[in-house]
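Starting off, we have a lone chain in the form predicted on its own, written out as structure tokens.
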Amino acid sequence: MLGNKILIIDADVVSRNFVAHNLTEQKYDVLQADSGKQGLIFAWRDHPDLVIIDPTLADLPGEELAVKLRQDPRTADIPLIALSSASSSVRIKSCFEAGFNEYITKSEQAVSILNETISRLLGHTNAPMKQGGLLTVFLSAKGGTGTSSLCANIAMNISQNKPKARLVVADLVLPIGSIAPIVGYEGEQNIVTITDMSPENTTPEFFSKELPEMKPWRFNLLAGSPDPESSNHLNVGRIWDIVNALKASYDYVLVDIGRALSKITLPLIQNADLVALIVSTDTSTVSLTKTLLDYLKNKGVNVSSIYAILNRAASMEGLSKTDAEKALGNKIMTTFPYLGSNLAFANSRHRPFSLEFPKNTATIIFQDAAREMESLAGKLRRV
């Protein structure tokens, strides 16, 4: 952060000073302009590393300002963030078309989102994401696909296959975490309380020693938000640093985001070694997953890092593996069979499926999938 120069262009002096104070505390060098024309002068003269613009400027609309900055070689490649109280889809679309990298609506969480976005755009944390433990993100396009159950059970099997390795599961499902009820965790520590701690106290050593160990599951847990109200207080700006600290502490980091795809979780997906995409067999979910796949590809996610899992654990009906692959335009790596009430029973006892039903066919599939995913993540990291 030290040495990075950020220009804020905003006619609202209160808003501008508030953002400037926040950035100054983080050791950024901050410049302020109260009009679009003044902002252009500062941008071309002082060469900031990033510009924050309220697009509702009176003298020069933010879109026009962005176009001018993009057309000048001195500022063509500078990251531009729109920070505005205007939340209409029309305004957001016009800002992106004009050349803004991100659009953030002024709200209670705007500062946290802004901090995370600045760190990402300035590249402060991209390098560490390719170091340390292997990162696997579990997600789905629709709720009810069993993403959290598969995440917890595959994590347990990776640990079983790699007994000397250290593994952590982080629950970023919002607004309510879903891993804790599966593994039986009832403690007070969770992602909300952790992000509320200072960076000086959330070091790799802290995560190595202080996260609870779920003994039957053979992994440590960073639990999710306990309720919707708590999730409103999540300091999302800390997520990126916390995941990096986890990677520095553990050999394997599995992050469950469920269907909570957002600007907060997208960078994790983009920098993951492996993306476990969970698909159920109903036509609507497969269609939504196709849309999600196309979006991830457009965002630069490597197709080879997507490990699609067809989960028919809850129902024998639905599309076959072949039909689902055809609809998705993507290979399905693993298919879990219909499990009846067995998976729900194991979850209700807070026990891994493989320990509760060691002779079930699905136990072999869990073991094979865990082994294959661990191996593929390692190969992709080395590429």
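Bear in mind that the values here come from a model prediction, so they are computed numbers and not experimental data. For every residue, the number given is its place in the sequence shown, counted from 1.
One more form of this protein exists, namely the form predicted in complex with a small molecule; it is left out here, but the text below deals with it.
Participant: Exactly one of P199, G143, G184, P212 has a non-hydrogen atom within 4.5 Å of the small molecule in the model of the complex; which residue is it?
Facilitator: It is G143 that has a heavy atom within 4.5 Å of the partner.
Participant: Pick from S35, N330, N347, Q32: which has a non-hydrogen atom within 4.5 Å of the small molecule in the model of the complex?
Facilitator: So the residue touching the small molecule in the model of the complex, by this definition, is N347.
Participant: Check for me whether the small molecule, as it appears in the model of the complex, comes within 4.5 angstroms of all of S149, N311 and P337 - heavy atoms only.
Facilitator: Per the other structure, all of S149, N311 and P337 touch the small molecule.
Participant: Applying a 4.5 Å heavy atom distance criterion, does L69 contact the small molecule in the model of the complex?
Facilitator: No - in the model of the complex, heavy atoms of L69 and the small molecule never come within 4.5 Å of each other.
Participant: I'd like to know if L343 sits close to the small molecule in the model of the complex, meaning any non-hydrogen atom pair within 4.5 angstroms.
Facilitator: L343: contacts the small molecule in the model of the complex.
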